[in-house]
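The data below hold one chain only, encoded as structure tokens and taken in the form predicted on its own.
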Amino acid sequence: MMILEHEAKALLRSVGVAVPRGTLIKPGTRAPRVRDYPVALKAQVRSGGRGKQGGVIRVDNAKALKAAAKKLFATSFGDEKPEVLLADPWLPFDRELYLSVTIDAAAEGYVVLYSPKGGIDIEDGPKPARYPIGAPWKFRTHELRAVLETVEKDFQLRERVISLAQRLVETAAARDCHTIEINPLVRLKDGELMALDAKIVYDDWAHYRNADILAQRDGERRRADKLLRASLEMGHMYVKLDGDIGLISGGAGLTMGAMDTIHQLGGKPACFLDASPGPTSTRGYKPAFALLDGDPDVKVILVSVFGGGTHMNRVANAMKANMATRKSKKPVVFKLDGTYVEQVPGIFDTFGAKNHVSLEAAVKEAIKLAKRA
């Protein structure tokens, strides 16, 4: 769960990380109280690539600020219009750097990433240097120093980066952050480091113990449209992607496996949608279908469910009920497996569906149908 830049900066400021003292601007503000110009006016959205989309504008006076604010409030960035803007002072600096802490499976925990060149073109440059930590208490300054020596020549800068990285690791662990990314991390004229921009991604599943994450999750659901809200309220995990095969699956591992199979066979998933129903309820499939039926990018729906405690005859009957009430004509491809799967063909025969013999066969059919659509 990504939070807005100004929220991320507030968190960093609370743990002693230097950030600009910006001003928040909301729609309808007559005369924003910006003390000094020029400022960087930034759209506060959660989508990436904001800078390349014109979401950051330098303004030199109050009149230009008003015009730029009007433009940004009317612009969508990744299907999201900003509800608030951030006016940060336009600070002079001599270097842009990149520093982040994120959870990495290969590291079995946290990893620190550093690049001596940051900014909006970071993805086009060389890969950042990696310091795999694992558990946060395994952070060792001498180990990170050895990594930084391979990419950063400035001794004083290296030591400042090490100190900041340690603070970010401690903050990520204490605040249930999946990722803390500072890009750019700038070196000011006096040599101090400042987070000119920041991205923080919370661990959604820590909401039960973290009030900040719970509030963010509730806000995310309020902002969602009706169809997505209904799906999220069922406890579904949903991530929008850029493909055309809508995936409804059960369990994060099975969902990832189905996505990998789609990619391997030449298709593109339109979403990650884990609609795990639990062993006794299949109610969650109805809002999942409604969400994908309402998505114009989805050309075909692939249902991949495996269950031990979840009985496949119950899932098949739920699919029968959903198909009877659907208004969409999008084709649906099924692969059910698990307890009582032998009863599935008889149920599917009653409404003309087929349970494919393997996930690969189902994915091939979905890809073929998507190409025809």
Partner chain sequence: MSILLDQSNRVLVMGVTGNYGKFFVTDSGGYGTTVVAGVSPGRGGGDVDGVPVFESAHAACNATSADTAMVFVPPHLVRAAAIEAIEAGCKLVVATADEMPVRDTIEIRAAARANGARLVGPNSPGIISPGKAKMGFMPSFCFMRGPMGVISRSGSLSYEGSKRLTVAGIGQTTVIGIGGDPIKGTTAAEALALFHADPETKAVMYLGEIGGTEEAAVAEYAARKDAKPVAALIVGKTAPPGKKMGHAAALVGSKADSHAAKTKMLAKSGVYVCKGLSDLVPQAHNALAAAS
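Numbering follows the first chain given and starts at 1. Everything numeric here is computed off the predicted structure, so don't read it as measured data. Take the two forms, superpose them, and find the largest set of C-alpha atoms that agree within 1.5 Å; that set is the rigid core.
The same protein also exists as the form predicted in complex with the partner chain; that form is not shown, yet it is the one meant from here on.
Colleague: So in the predicted bound form, is the partner chain close enough to Glu192 to count as touching (4.5 Å, heavy atoms)?
Modeller: Contact check for Glu192: no, nothing within 4.5 Å of the partner chain in the predicted bound form.
Colleague: If you check in the predicted bound form, is Thr339 within 4.5 Å of the partner chain, heavy atoms only?
Modeller: Because a heavy atom of Thr339 falls inside 4.5 Å of the partner chain in the predicted bound form, the answer is yes.
Colleague: Going by a heavy atom distance of 4.5 Å, is Phe93 a contact of the partner chain in the predicted bound form?
Modeller: No, Phe93 is distant from the partner.
Colleague: Although the partner isn't part of this model, could you tell me whether Ala362 comes within 4.5 Å of the partner chain in the predicted bound form, counting any heavy atom of the residue?
Modeller: Answer no; every heavy atom of Ala362 is more than 4.5 Å from the partner chain in the predicted bound form.
Colleague: Only one of these stretches, 202 to 210, 142 to 150, 285 to 293, 156 to 164, has heavy atoms within 4.5 Å of the partner chain in the predicted bound form; which one is it?
Modeller: So the stretch in question is 202 to 210.
Colleague: Identify which of Ile103, Val84, Ala129, Ile120 has a heavy atom within 4.5 Å of the partner chain in the predicted bound form; exactly one of them does.
Modeller: The option sitting close enough to the partner is Ile103.
Colleague: Exactly one residue in Leu113, Leu232, Leu188, Leu254 has a non-hydrogen atom within 4.5 Å of the partner chain in the predicted bound form; which is it?
Modeller: After the contact test, the surviving option is Leu254.
Colleague: Between 159 to 175 and the partner chain in the predicted bound form, list the residues on our side with a heavy atom within 4.5 Å.
Modeller: Sequence-ordered list: Ala173, Ala174.
Colleague: Taking the rigid core as the reference frame, is the Cα of Lys153 displaced by 2 Å or more between this form and the one not shown?
Modeller: Moves: no, less than 2 Å.
Colleague: Cα of Val357 displaced 2 Å or more between this form and the one not shown, core superposed?
Modeller: Yes: Val357 shifts by at least 2 Å between this form and the one not shown.
Colleague: For Val186, state whether the C-alpha moves by 2 Å or more between this form and the one not shown after rigid core superposition.
Modeller: Result for Val186: no, shift under 2 Å.
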